[in-house]
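Given as structure tokens, the chain that follows is alone and in the form predicted on its own.
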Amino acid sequence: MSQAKANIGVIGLAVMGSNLARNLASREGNTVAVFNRSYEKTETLLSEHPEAEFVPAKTYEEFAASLTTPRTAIIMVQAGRGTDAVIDELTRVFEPGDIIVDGGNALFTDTIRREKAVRETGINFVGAGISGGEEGALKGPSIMPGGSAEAWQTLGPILEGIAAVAEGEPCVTHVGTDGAGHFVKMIHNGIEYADMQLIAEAYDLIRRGTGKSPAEIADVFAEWNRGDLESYLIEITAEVLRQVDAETGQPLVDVILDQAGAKGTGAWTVKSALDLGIPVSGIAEAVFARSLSSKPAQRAAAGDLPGPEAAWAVDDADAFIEDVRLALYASKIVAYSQGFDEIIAGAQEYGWEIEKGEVAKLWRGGCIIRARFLNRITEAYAEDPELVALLTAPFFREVLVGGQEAWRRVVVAATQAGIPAPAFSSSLAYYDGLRAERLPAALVQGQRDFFGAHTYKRVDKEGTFHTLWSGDRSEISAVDSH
């Protein structure tokens, strides 16, 4: 048995787990125990990074014995049954008061289930969303932990020590109880889907409309990254567009197969939004766009369907690029606004006390959606904690007012040219839907009442009503069956 001397342990030593263990070991005061189902990976990590002075373990018993109390272990294994298996092993060798942290991309409802089950043993279970990829895990990620206040007392200082730092503040805070951390991480990933799709649409429109090369468009994105759109995703987009394929000499973007993959967190965001009754149309269209891209047989079969006959090119390239920039900014605001709407609804549904402004702070560094305007979100919720919709805050309202005409021109141009821009157009439709004085939903409700007696309310008096459509078509009072 190893002598207890490590204050934190990591289980699962694939790239993310190894990098997180190295990050922890590099911080003063930490001694890190490591365990992997295959001891070969543990040996590789030890040999490649002797400076970390890891405490290795071959069994769960050795791993538990190597940790000082309260024992704290971060699980970095594939989500699903693998996570449950590790939790079962740890609850066998840990004691009441110890802490198990799931740092993987778990579905938040699984985290709620696990936290409830583990709590019965007296052990604390924390679901922690960790964003930033391999580099973030090593150099400083954005961390979104849930779990109990008791667990945060021990875990907080450790996570604050390894998190990314933005404007002097660590990008970590106690998000809420049980599944709150993984829920917020899920929303982060949903916004990430929308952001990436919007950037891809902006690139596609500029390339097709102006004829600029990927390298020239890279310069456009690099310029945008010096302004309001400054963000990690804009920065790396310029890098990707500049990359030349060594084998063919072509731009790398032209030799990459146009089928985008997904690991499911975007779909989780949309499914959860549907359950909560929250429209996240921009995020949903981004998810669906990836799905459509990955249907080669359908795309091949539809390739000869008719579209606009005339070739398309813009008259003023600089003016069009500026329109696209404004449309991208406006659509980005919609994506974040929809994401925060879902956070608010999730908090109400599951009893979490989530500080929206603090969430925005978490995303300022270390994560994939880090961006300059996140401070504006924090400011908006500080000024009005009960803000009904983020895009109605004064700063964002001003951006939308200034950009909406350009936004409309871009969507019209894409439609007339036959270029798919689902995230741009759905974001604009959402904006117009929110600001509409009256929606055609009145007709939908009338139809529902006709075929299913689902009732309706009136604009001119209180109560719920039903028309006797199959009778004399008189109106009667009814019990609400919306």
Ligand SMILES: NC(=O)c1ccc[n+]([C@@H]2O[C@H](COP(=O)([O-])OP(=O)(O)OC[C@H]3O[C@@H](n4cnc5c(N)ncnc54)[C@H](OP(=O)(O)O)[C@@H]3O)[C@@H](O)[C@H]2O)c1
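From a predicted model like this one, the values you see are computed outputs, not experimental measurements. Residue numbers here begin at 1 and follow the sequence given.
Only in words, not in the display: the form predicted in complex with this ligand, which the text now covers.
The listed set 255, 149, 388, 85 contains one residue whose heavy atoms approach this ligand in the predicted complex to within 4.5 Å, identified as 85. Interface residue among 179, 366, 104, 190 relative to this ligand in the predicted complex, by the heavy atom within 4.5 Å criterion: 104.
Using a 4.5 angstroms heavy atom cutoff to this ligand in the predicted complex, all of 17, 79 and 130 count as contacting. Heavy atoms of residue 134 reach within 4.5 Å of this ligand in the predicted complex, making it an interface residue. The closest heavy atom approach of residue 36 to this ligand in the predicted complex falls within 4.5 Å. Using a 4.5 angstroms limit between non-hydrogen atoms, residue 454 is distant from this ligand in the predicted complex. The shortest heavy atom separation between residue 27 and this ligand in the predicted complex exceeds 4.5 Å.
Comparing 91-99, 338-346, 397-405, 104-112 against this ligand in the predicted complex, the single stretch with non-hydrogen atoms within 4.5 angstroms of it is 104-112. Heavy atoms closer than or equal to 4.5 Å to this ligand in the predicted complex belong, across 40-68, to the residues 41, 60, ordered by sequence position.
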